[in-house]
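This document starts with one chain, in the form predicted on its own, laid out as structure tokens.
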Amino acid sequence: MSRMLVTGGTGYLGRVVVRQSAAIGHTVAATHFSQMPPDLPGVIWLPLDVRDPQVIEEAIGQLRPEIVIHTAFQQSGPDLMPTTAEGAGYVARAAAAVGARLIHMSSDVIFDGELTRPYREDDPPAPISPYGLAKARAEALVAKAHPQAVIVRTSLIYGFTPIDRISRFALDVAAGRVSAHLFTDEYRCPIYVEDLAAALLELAGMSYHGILNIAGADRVSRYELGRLIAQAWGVDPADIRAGLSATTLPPRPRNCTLDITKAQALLRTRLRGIYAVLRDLGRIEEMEG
């Protein structure tokens, strides 16, 4: 078992990584910033602002983790670039200084979504959104500061305990609490948070470095995803309205499908598509996909 540090430990993915890593016997430290940490036995929690390179250097230098899983990010607002991009570079530099294995979380929205095939690990970033730009910048900074790091590109992350924000939005749309269209021409590969966390922990024990796509096996549109989530929560999806991403401004990446062939060959963890997850959890009795 290893000494592990999880940044963003109070985030949606971070909490599951912390819980799973502690459950299998790792010595776990985790950071928090804007949210109070949960009470998890054996986990050391420390407040950390990833925008501050000196604080990061001191924390990682004192903890001397063998593995760092960097999940902390900001999705929008004035701190988007300082937190999501520059902060990732600071974490990578500090991890490299103590010889820690680093797994950095990136995103499928680093692409413009114009390819007609799934994106592979060697496809260069071409972001068209502020968040995509920040994540692409983060990848470059991490690769420079820590050449042995793993950069994991993933997709929409969903779960049930607690419900994720993407699923909550779909349920609000289905119930009429939010007026919105879900796009039929925008494709992603959503991944169950428990599967993603397990894959990251398995990857932490390997020597692989570089970019790796880890996402769900099913390619679904935003509209299809919304309907599936509504059904999984027992909500009638009939009132979910379809729309076209191509007609909206600002432009959004439409095809963010990730090719996960390499990860499927490398990992024992099953990267289930959303249809398999919902079947396995008994959320929907009869499904196709």
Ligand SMILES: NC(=O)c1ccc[n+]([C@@H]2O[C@H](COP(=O)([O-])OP(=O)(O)OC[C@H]3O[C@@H](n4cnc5c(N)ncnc54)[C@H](OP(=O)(O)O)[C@@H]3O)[C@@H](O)[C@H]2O)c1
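The first residue of the sequence shown is number 1, and the count goes up from there. Bear in mind the structure is a predicted one, so any value in this text is a computation, not a measurement.
The same protein has a further form, the form predicted in complex with the named molecule, not shown here; the description that follows concerns it.
*Partner contact for D49 in the model of the complex: the named molecule, 4.5 angstroms, heavy atom*: Yes, D49 is a contact residue.
_Contact label in the model of the complex: N213 to the named molecule, heavy atom within 4.5 Å_ = Output for N213 is no: heavy atoms all beyond 4.5 Å of the named molecule.
_A72, heavy atom within 4.5 angstroms of the named molecule in the model of the complex_ = Within the cut-off, so yes.
*If you check in the model of the complex, is Y131 within 4.5 Å of the named molecule, heavy atoms only?*
Because a heavy atom of Y131 falls inside 4.5 Å of the named molecule in the model of the complex, the answer is yes.
*Non-hydrogen atoms within 4.5 angstroms of the named molecule in the model of the complex: do Q35, S106 and L156 all have one?*
Yes, because Q35, S106 and L156 each have a heavy atom that approaches the named molecule to within 4.5 Å in the model of the complex.
_Listed residue (M81, A143, A204, I166) with a non-hydrogen atom within 4.5 angstroms of the named molecule in the model of the complex_ = Answer to the contact question: I166.
*Could you tell me which stretch in 121-129, 143-151, 173-181, 106-114 has residues with non-hydrogen atoms within 4.5 Å of the named molecule in the model of the complex?*
Comparing against the named molecule in the model of the complex, the contact stretch is 106-114.
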